[in-house]
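Shown next as structure tokens: one chain only, the form predicted alone.
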């Protein structure tokens, strides 16, 4: 039995490494296809957004999480459940704004950057920008408009990776008249 338990952990580690390497190949190809880092950053965000729009259904089905009542609860669900479920990490939530509409996710270990070094000619590349798009797309599907951006990145010499999230507004459903 202990051999099977070891295989599960080993399999997850292999899947994680495969994902990390595949993501690296994707970013490398985007850098070849686009002339500057800003265009690559936009493409990563756009791809992440499309993933988030679809991933939210899987997340809601697998996690059995109900509707969040405020942005603080949303932050907890993102950090403690979503990141753990999909990336195997639990970022810390810090730097709340006084209004409670903005916070930071601190990633001590970003699995997307394992095995990665940014070349000098890509200093403005936001390598993990896909994550911002995923968060934005997923939250939009549950009627939350947010702004998501990287403010610190270990690939650029910072001690941690920090993602800043700002609540913009609640998105109202525009249902046809008579339907609810």
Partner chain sequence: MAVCIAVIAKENYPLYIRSIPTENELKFHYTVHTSLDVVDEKISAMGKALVDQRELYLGLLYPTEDYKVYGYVTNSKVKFVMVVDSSNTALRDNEIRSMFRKLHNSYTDIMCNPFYNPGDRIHSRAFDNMVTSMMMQVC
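Residue numbers count along the first chain shown, from 1. Since the structure is predicted, the reported quantities are computational estimates derived from the model, not experimental observations.
Absent from the display: the form predicted together with the partner chain. The rest refers to it.
Using a 4.5 angstroms limit between non-hydrogen atoms, residue 119 touches the partner chain in the predicted bound form. Heavy atoms of residue 138 never reach within 4.5 Å of the partner chain in the predicted bound form, leaving it off the interface. For residue 21, a non-hydrogen atom is located within 4.5 Å of the partner chain in the predicted bound form, even though that partner is not displayed. The partner chain is not drawn, but in the predicted bound form it has a heavy atom within 4.5 Å of residue 28.
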